[in-house]
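There is one chain below, alone, in structure tokens, taken in the form predicted on its own.
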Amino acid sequence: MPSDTSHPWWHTGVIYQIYPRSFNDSTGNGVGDLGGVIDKLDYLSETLDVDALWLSPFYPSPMADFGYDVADFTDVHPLFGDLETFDRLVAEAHTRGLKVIVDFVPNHSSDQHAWFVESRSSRDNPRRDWYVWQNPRPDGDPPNNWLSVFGGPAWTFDEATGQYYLHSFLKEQPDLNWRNPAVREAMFDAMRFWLDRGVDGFRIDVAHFIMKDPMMRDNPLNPSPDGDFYKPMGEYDSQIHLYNKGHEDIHDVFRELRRIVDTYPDERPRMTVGEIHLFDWAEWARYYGDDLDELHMPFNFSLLHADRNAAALRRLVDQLEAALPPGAWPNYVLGNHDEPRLASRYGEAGSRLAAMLLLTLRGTPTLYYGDELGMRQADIPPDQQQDPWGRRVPGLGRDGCRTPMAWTDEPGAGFTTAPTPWLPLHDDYAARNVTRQRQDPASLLNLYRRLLALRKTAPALQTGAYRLLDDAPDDCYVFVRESDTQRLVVALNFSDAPQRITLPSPGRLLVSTNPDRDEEAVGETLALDGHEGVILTRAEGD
């Protein structure tokens, strides 16, 4: 059954995130590249059958933050290839029916970007106001108390010009001044550059940071610095970040950005999804726009750090559904390049439940490369760590979730022919790789394949309504996905103990996390093993 053509592709599709450094090395230098992605497109389109790939940054960069410090917004770092390689990737992806989403990094540039080199050269340089410069306080201290996400003050003093510049992240990542119309137009031109090259959408990095308080007021101190359900971030949590991001006029910027994206042809509509770490649902939902005229979707990270039990997950999904503006489309994420690996958080059996949850909830799912194999968080020795955040703030490094993809059990895991990859391989790559799991019917990879294949043909999973079944056991999360032509029941047991669930009607198992049960007939009572999940359809004739 084809996708619902009344919905845009990102409603019915599944997005797969690729961290280019770690996906596939086509040159033998130990670092993944765009040519390596091209070589594995058939894996995305045939083995998995996802709908879109999202590429983390591949731009020219001194790599202080591995590409999120961009030195040129309209080119490709030679480490990853060149513009010709990128164009070939887009063309090859489109030939396979895959959409291409690229990272857009609007909040800051590299300190080696030509714009910042000019900006810091003198106070009267025409590009001085392209970045956020402020005078010291009378005692020489920074202009306010804002902190860098990566530790320490968000201000660095420039001796040559006698002012501080703002950097919400590393000092090598100076913040652009989005209140300057010239900056705004230059960044929108960069977006047009990639849209004209055929990209299908943008993942917008730290989208809510770009507009700060114009009065530069101090942030208030945080009386509860341990955070909500989001991971603690050390010193950064000592403040309530009221003034250093998300100022009210940010919504004008996103309305303008949306107008640009919407000018591209209707026969291939483009999309935007924003990285927005907000857990006030009402504030988060505002990024859709009052008339759904801002971001197509703000990323929903609520499940990333939720307690892994049925009650907590039910509550968060209910909160999201209640917060969505009319007509807004939800989305879910369980892993990415900044978070500990899904398999390490959920465990072996829990990873199978998480896969079923992610691919059956209402909304667009984003998968992170390697999660379909159950790749675990790697323990990187201090002398091999690469992440500047982890080197600066021990314990917060992200190298462990960025290790190379394992394709085979050969030396280099089929990722590289180099003697040493840029990060160490995960310890069990010889057993946990694509080749071996593809051959094992009971593997996690083959569970993902069954789930993705069902989602591709099931209108109830693509765009159907969501309804919670309230009379399920406390340790079970049971919900209905229903379209005009199909009703499916999803039942997930988050406990060690077997559970029995009363069903609305007899059914037939389409997919179970236990592959031996696929296609089993079920009466009005469903028996679930511990940590088992199933998807059921009505029994024939019901």
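Numbering starts at 1 and runs along the sequence shown. Because the structure is a prediction, the values reported are computed rather than measured.
Another form, the form predicted in complex with 1-deoxynojirimycin (NOJ), is not on view; read the next lines as being about it.
Proximity to 1-deoxynojirimycin (NOJ) in the predicted bound form, taken as a non-hydrogen atom within 4.5 angstroms, holds for one residue of Arg270, Arg455, Arg203, His113, which is Arg203. The candidate stretches are 281-289, 334-342, 79-87, 373-381, and the one lying within 4.5 Å of 1-deoxynojirimycin (NOJ) in the predicted bound form by heavy atoms is 334-342. For the chain shown alone, Tyr68 is a contact residue for 1-deoxynojirimycin (NOJ) in the predicted bound form, at least one non-hydrogen atom being within 4.5 angstroms. For the chain shown alone, Asp237 is not a contact residue for 1-deoxynojirimycin (NOJ) in the predicted bound form, no non-hydrogen atom being within 4.5 angstroms.
Taking the partner from elsewhere, Trp133 is found to have every heavy atom lying beyond 4.5 Å of 1-deoxynojirimycin (NOJ) in the predicted bound form.
When 1-deoxynojirimycin (NOJ) is considered in the predicted bound form, Trp146 lies well away from it, no heavy atom lying within 4.5 Å.
Along 180-195, no residue reaches a heavy atom to within 4.5 Å of 1-deoxynojirimycin (NOJ) in the predicted bound form.
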